[in-house]
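Okay, so here's just one chain, in structure tokens, the form predicted alone.
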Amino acid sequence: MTLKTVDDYRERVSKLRPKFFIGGKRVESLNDHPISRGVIEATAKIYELTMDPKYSEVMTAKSHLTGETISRSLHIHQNTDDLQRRLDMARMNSQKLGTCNYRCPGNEMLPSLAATTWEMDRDLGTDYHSRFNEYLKYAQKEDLVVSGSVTDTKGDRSKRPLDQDPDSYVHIVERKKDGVVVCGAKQHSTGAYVADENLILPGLSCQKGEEDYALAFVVPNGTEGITYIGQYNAYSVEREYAENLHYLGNPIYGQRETSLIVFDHVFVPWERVFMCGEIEYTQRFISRFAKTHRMNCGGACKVGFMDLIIGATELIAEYHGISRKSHIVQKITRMIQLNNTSLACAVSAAYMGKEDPPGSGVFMPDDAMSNLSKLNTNESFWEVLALAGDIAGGVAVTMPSEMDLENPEIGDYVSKYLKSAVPAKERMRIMRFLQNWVAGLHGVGTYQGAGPSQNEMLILYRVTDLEEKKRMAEELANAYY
């Protein structure tokens, strides 16, 4: 058994010393900074759930390489049941955390790597797949947190990489006997600075002449030349300077934390390089990762978030004494409808999944249904947030703090005027939790994470067999007795 405990993870992360900045200041200790500590706590919770026998069917799997029990976060889907269990894990983790499961993005890249390296070895005679398998066995044995990054900074999007600053996309600047040297940056990298390893996939479908950008590799956290620059916003400031995190909407785990990862002449040994110049396979890397991410991120992770939003909204309606009003019931029901439709698309994507490519042993979600899952969630999540804000009312964004409630000079006023069907403190606590959603970052984060709607629409149109639909219509239209 290769599973590690919460204490094992905490010991590892306490030894990490990445070059990490947030809010213009260097973070010397990940455990001591309130923002990075939230990421650590969320990741630790995943280890805790994995070791809980009650959740073992969802959180663990059997390694196809060693037969050992491993974290599902490091598993390669071997059948449609694996796809369904992965979906279940994404939803449950979101319900438990109310923020990102920081083992998620890397996990969704691993099947794409397994499938595409197998395909390259078959077609080109490379040894990428054997390299990848050796790395995966190592990651499974040590039960590592592997973050994943795809999105380049891109610079001027009207230009290709070679027509602008070449570092706008991660690329090779030198090939050596024992490895490659890379420069560039990846953005939106979720939880990368508290992960054990950073996995990097190509961020664009490369053309001839762009071989240096057709690159996939993995490096340990803190490798020389890597700098992490954390996101920073109003919620970051609130968390950084709060005297007591209890007053925040999600006190333990916080908002989803990402970073810009800068690669300034970073050396990567060959055994950790899984693509190097094979431009014709970059799109396959991206599309296989995308459909897995869209099934889980769109149709499972955000379903878990919507479960929380619906629960908080129902509580607020009860606290306001309006939960049985017909228009409130109708709006809550609409939220449930949107949530369950998103889940249904994801379940369909898993159920209709298949081996891709055939012979690889790797199962992927159905192309159309995974993209439909994300497309549907893009629209549904915004509406759920709007309905939650409508039912909560303006106090969701104008409410005083619980610190005011505890102030001896004004506390009685706050207690008197913020109470409803329940005491002010109960109402304010759930309202602050709900504020984290309706006035927070999750709307844009949900829409953009795993790709905005235009991306899914393009794929959905591309994978739909319109010729077959035309043939069926013509056959019936021209039928006669």
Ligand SMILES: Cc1cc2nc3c(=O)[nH]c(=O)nc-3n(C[C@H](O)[C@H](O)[C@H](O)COP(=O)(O)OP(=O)(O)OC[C@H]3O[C@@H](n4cnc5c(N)ncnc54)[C@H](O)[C@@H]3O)c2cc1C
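Sequential numbering from 1, following the sequence displayed. Note that this is a predicted model, so its numbers are computed, not measured.
Not pictured, yet referred to below: the form predicted together with the ligand.
The partner is absent here; in the predicted complex, the one residue of 378, 71, 189, 292 having a heavy atom within 4.5 Å of the ligand is 189. The contact residue chosen from 327, 208, 157, 265 relative to the ligand in the predicted complex is 157, the criterion being a non-hydrogen atom within 4.5 angstroms. Segments offered: 363-371, 208-216, 401-409, 146-154. Contacting the ligand in the predicted complex at heavy atom distances within 4.5 Å is 146-154.
Using a 4.5 angstroms threshold between heavy atoms, residue 34 stays clear of the ligand in the predicted complex.
Although the partner is absent here, residue 38 is not a contact residue: none of its heavy atoms lies within 4.5 angstroms of the ligand in the predicted complex. The closest non-hydrogen atom of residue 423 lies beyond 4.5 Å of the ligand in the predicted complex. Although the partner is absent here, residue 454 lies within 4.5 Å of the ligand in the predicted complex, judged by heavy atoms.
Taking a 4.5 Å heavy atom cutoff to the ligand in the predicted complex, the contacting residues in 252-274 are 256, 258.
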